[in-house]
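Next up is one chain by itself, shown in structure tokens, the form predicted alone.
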Amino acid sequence: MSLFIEKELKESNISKYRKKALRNNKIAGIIISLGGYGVVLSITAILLFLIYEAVPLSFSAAIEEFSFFNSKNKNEKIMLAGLDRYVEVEYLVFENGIINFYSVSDGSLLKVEKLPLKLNEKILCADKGSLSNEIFSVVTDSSRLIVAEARMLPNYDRNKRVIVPELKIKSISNLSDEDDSKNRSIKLFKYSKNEDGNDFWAWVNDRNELFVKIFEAEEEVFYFHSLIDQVRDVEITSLAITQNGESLIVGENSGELLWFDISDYNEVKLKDNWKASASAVSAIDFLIGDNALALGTTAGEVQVWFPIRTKNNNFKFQRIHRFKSHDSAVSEIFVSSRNRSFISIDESNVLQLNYSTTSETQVKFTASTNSITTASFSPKSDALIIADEQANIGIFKVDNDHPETTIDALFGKMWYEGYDSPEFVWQSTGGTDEFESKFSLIPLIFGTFKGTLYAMLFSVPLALFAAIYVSQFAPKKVARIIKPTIEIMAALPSVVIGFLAGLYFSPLFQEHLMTVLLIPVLIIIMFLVSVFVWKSIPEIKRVKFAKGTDLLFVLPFLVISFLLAAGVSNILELNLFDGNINQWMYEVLGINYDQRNSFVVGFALGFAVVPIIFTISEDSLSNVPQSLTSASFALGASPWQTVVRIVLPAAAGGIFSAIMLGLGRAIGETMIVLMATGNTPIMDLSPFNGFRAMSASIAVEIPEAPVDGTLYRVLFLTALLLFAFTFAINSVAALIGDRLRKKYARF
């Protein structure tokens, strides 16, 4: 009876233990599953966040009406209009000299100012003279020039912003002292004020006579130039002056453009002339930066021209960009003060929003059924103010945050201002607002794969041969030392490797370039010599040596190769390369040696990748069944034949996975490529030039990128591409690795 009870108790305990084990296994399974799902969800969340930040780059531009009212001055033509930077206050300049400031929100009149006009004096023409502030000049029917500034300064009272408008008169002068041009009607008028405070006026009277007037602020001297003799008997239809006051462009009804150099205030020279169109040039203006010229014709054409350096080292304007044509003649062009955007207006009151860099017409819309008299961008280019002949004023919100990031701009060649041809260029920021952003990702992608290529060329042979030696040839005592040592290398922070590469190895390689280039060649030669010498020893004597002696035998030859390279390099460099191989490469081969280059990065990045490839490859080679190698030896195969014919094919899946993981590690590396290269986004396969990787560009530029700005989102797009590359590489590695393992599973 007691035995039965004891047996029951024992079975009960076993049952409780099994239940506990099953419960623990279930809990462990749940925890492991949650961890796996957590990893998948984390990666998915990262991917979705990158997409969320990058997707706005694909949004197209949009223009919608924000405010509309009538100024109730239908009898007076609106000559100019403008907005403050916050799009809260607008101003209108009427032909009678009245300047009204209105609230954008409700159209209420805030303030009235008046230009100092004489009795019954009217404004004939008006033009803004600056893209950075609301300075303008008017010319009256009394041949007077008045320069004024509409100031709209923010005033903060109890955390509430109030825009305080005011008018400041800058100067008053006459057109000229010559009676011949003084009393004539002005049909075309242009004004500009540069950063030095100098004023530039150009106008055409009703006799088609062209004049230029310049005021030099420092000397307080006026310069007057009559260009009647330099303009042919062709009607002048448009004028444009650069913001810096160095160039004047004149458009004619024959389609010709005249380029005058007005930088020398004492003399105006005709620099060039060319045929721009078969139709009359009806509207022209310089975009921000004073380089690109936006042009419209009576045939509705819209183009952008800028000067290109010729073979004779001269500059000639060339048509670079074309946009969608209007259905009628282009009457006006107004440019943005923030970027390369501009609007073209035709005689049918249809407006087009164009962006110069990408050659895109982004939006086409009709702003009014009446003839448009003037228009203007807001200082931030996020709004348009448009006035028609019935004194109707429309404020339009412009949603165009990322005009410079089309598919072509990101992945194609673009023709940027100042370049001789279309190119792939990454240059995201500049010193001024006039800078033309260049967001081609191709140089970054190229640089990433270039650095990876040189790293893999260095690391794969080294890691693979080391793995073969440790797993197949090295004595166990040696293997126990080598393998952990190489694996410890993986724990070395990449910033330390990058620091050593950038500050120590870069100048060292430059100073001893001949030695560095000789070392690989001499190592191969001396290794082959050592193998030949080892093989020349009779096999009867060789078998008596302990396992691993062959490595000790090779080491002295490798040391000799280093010493020989150091001793011979100076002699070779002196006799073959005129004593300086760096200079010789530049003068003879046209190769420029940058101190921080791909050669150094390949060495440093390869050093970081070696542990990954070595560890996985060595494990795969060591896991090949001993029965396979024993069978190979039994059939009379040598150790090396066994490795090549049996071990390597059997471990091919693991070796391939190791190489692909190393490739993914190299592609995603940041600190080494950041510190060991010059971060120059050039596309050149030369190992002696630098590059710029995607990861390094993100690390360098994201701290200074304005949140939600174009650069900010482009960097997130770059991160998304980097994520896609590494994901694709790892996926391919897994698929091919599995296929190789299945293929050689019979072994």
Partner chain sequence: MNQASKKFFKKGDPYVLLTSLGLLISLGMVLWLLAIVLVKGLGIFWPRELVQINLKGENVYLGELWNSGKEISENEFEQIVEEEKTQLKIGNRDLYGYDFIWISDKEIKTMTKPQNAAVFERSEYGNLYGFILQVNLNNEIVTDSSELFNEAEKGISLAHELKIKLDEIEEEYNTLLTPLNKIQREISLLKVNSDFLTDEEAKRLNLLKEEENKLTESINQPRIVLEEKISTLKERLNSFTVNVITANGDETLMQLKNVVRLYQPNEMGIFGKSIHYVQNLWEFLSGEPRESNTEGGVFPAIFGTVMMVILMSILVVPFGVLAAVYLNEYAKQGALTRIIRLSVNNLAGVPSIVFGIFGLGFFIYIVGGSIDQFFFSDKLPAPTFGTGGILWASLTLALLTLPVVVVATEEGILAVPKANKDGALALGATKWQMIKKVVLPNAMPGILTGLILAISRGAGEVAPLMITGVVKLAPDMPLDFNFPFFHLDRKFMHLGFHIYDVGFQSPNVEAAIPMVYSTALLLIAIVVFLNLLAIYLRNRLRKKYKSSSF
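Residue numbers count along the first chain shown, from 1. By rigid core we mean the largest C-alpha set that fits within 1.5 Å across both forms. Bear in mind the structure is a predicted one, so any value in this text is a computation, not a measurement.
Unshown form predicted together with its partner chain; subsequent notes refer to it.
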- Query: Just one stretch in 530-538, 201-209, 292-300, 388-396 has heavy atoms within 4.5 Å of its partner chain in the model of the complex, so which one is it?
  - Reply: 530-538
- Message: When the contact criterion is heavy atoms within 4.5 Å, does Phe66 count as touching its partner chain in the model of the complex?
- Response: no
- Task: Give a yes/no on whether Leu119 approaches its partner chain to within 4.5 Å in the model of the complex, heavy atoms considered.
- Result: no
- May I ask you to check whether Pro307 falls inside a 4.5 Å heavy atom distance of its partner chain in the model of the complex? no
- Message: Can you tell me if Ser695 lies within 4.5 angstroms of its partner chain in the model of the complex, counting non-hydrogen atoms only?
- Response: yes
- Which pick from Phe599, Phe215, Phe136, Phe607 sits with a heavy atom within 4.5 Å of its partner chain in the model of the complex? Phe607
- Task: State the residue from Ile46, Leu685, Ala62, Val55 whose non-hydrogen atoms include one within 4.5 Å of its partner chain in the model of the complex.
- Result: Ile46
- Item | Triple contact flag Leu270, Thr432 and Tyr454 to its partner chain in the model of the complex, non-hydrogen atom at 4.5 angstroms | no
- in the model of the complex, residues of 645-681 near its partner chain [heavy atom within 4.5 Å]: Gly668, Thr670, Met671, Leu674, Met675
- Has the Cα of Ala724 moved 2 Å or more between the shown form and the other one, judged after a core fit? no
- Message: Given a core-based superposition, decide whether the C-alpha of Tyr37 shifts by 2 Å or more between the shown form and the other one.
- Response: yes
